[in-house]
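Here you get one chain, nothing else, as structure tokens; it is the form predicted alone.
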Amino acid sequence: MARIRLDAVQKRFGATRVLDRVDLDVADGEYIVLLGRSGCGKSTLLRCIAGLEEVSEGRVHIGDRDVTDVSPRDRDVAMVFQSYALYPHMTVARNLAFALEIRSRPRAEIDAAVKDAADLLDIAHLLDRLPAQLSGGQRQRVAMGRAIVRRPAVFLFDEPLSNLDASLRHHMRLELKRLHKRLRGTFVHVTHDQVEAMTLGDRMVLLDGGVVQQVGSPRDVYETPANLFVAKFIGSPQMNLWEAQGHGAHTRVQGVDVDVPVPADGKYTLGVRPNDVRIEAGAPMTAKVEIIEALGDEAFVHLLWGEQRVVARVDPRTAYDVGEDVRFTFGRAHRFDTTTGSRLP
């Protein structure tokens, strides 16, 4: 397997800049997830690593090689696409073997590679079937198997789970985690799904407008968002955000005194995640219950706090009534520059 290093990578389509000076260092054997909204540049970045897009500026390194000007087939990468891209007229066995057959590898080597991949992915019983005879999850395993038989230095996944239903996406996330552990490979995975990113990645790379907003472990990104974009994007429901005015130990949100553990002076944006909003008797602030979202293993209470709204994560066994007055306070809070969006200490 191999390390990946991107140095000031830029990509332009005409006058439109899609990637803006992206620097990234992926360790050998690491699972990196590129996360962001549609159009943020994450798939373009993946294609630049694969060589399917030429970079406009900057350099791409895989292992000890500068592969910026190297063709895709010579970069030692394998890509799994959202659409599976299986050959419909070929059996599963032929789909797995095809990449090695066109490279004229010995038959014994091809058969051994196909068997190993099929055993690893639990699709050995499907080798004689055509893609049309497979479920979505089985097709995705075959697409992964085509990558595995090549024994690449780097595995690239472009939205591989987007076409699957919710239960199958959960199952395939577990399969990908197990696959990474067994292969000990370098994985780069593109998704717009934050749950997918946080459960799969050793680290996440959040992009917006072609610019890297933050790189870090899922826990670091969730607990210490670098800016307002990250704070809004990560977490469901998203972080509660209000314009605030600090005066030393006192903070006001649109004229309302609030109890927060981050005293400061001046205007800023105050952020509190729903799990840090504490509804408890005797708390200093009062709000009215507007909506209750009961989701089985968790619940969210939407509060009206004057003209503001507050979302609190609560114990699903606790009963609240719409219209009920409750008292609440904040646990951990975050501050952001209102103008730049950057995190403040």
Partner chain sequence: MRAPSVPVQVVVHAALIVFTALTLYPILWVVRMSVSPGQGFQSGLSPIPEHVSGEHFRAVMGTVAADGSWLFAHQLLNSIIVSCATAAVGVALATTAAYALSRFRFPGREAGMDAFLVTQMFPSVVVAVPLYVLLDTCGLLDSTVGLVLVYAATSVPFSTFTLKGFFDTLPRELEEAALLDGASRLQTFVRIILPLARPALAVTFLFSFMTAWNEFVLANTLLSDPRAWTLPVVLQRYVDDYGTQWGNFAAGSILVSIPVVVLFFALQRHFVEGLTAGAVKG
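Under this definition, the rigid core comprises the largest set of C-alpha atoms superposing within 1.5 Å between the forms. Keep in mind that what you see is a predicted model, and the values were worked out from it rather than measured. Numbering follows the first chain given and starts at 1.
If you look for the form predicted together with the partner chain, you will not find it shown, but the lines that follow are about it.
#### Entry: Residue (of H180, R169, R273, R139) lying close to the partner chain in the predicted bound form, criterion heavy atoms within 4.5 Å
Among H180, R169, R273, R139, a heavy atom within 4.5 Å of the partner chain in the predicted bound form occurs only for R139.
### Query
Within 4.5 Å of the partner chain in the predicted bound form, heavy atoms considered, which of V253, L120, M90, L241?
Selected option: M90.
#### Entry: Answer range among 77-85, 109-117, 220-228, 187-195 for contact with the partner chain, defined in the predicted bound form as heavy atoms within 4.5 Å
Result of the contact check: 77-85.
### Task
Mark V211 yes when one of its heavy atoms lies within 4.5 Å of a heavy atom of the partner chain in the predicted bound form, and no otherwise.
V211: no, not in contact with the partner chain in the predicted bound form.
### Message
in the predicted bound form, does A99 come within 4.5 Å of the partner chain, counting heavy atoms only?
### Response
A99: yes, in contact with the partner chain in the predicted bound form.
### Task
Could you confirm whether R73 comes within 4.5 Å of the partner chain in the predicted bound form, counting heavy atoms only?
R73 belongs to the contact set for the partner chain.
### Query
Hey, in the predicted bound form, does R103 get a heavy atom within 4.5 angstroms of the partner chain?
Close contact exists here: in the predicted bound form, R103 approaches the partner chain to within 4.5 Å, heavy atoms only.
### Query
Judged by heavy atoms and a 4.5 Å cut-off, are I234, R335 and R343 together in contact with the partner chain in the predicted bound form?
Not a single residue of the candidate spot has a heavy atom within 4.5 Å of the partner chain in the predicted bound form.
### Query
Across 8-46, which residues bring a heavy atom to within 4.5 Å of the partner chain in the predicted bound form?
The stretch does not touch the partner at all.
### Message
Could you check, with the core superposed, whether the Cα atom of P274 shifts 2 Å or more between the shown form and the other one?
### Response
No.
### Task
Once the core is aligned, please say if the CA of S236 is shifted by at least 2 angstroms between the shown form and the other one.
It does not reach a 2 Å shift.
### Query
After superposition on the rigid core, does the Cα atom of G201 shift by at least 2 Å between the shown form and the other one?
No; G201 is a residue whose C-alpha shifts by less than 2 Å between the shown form and the other one when the cores are overlaid.
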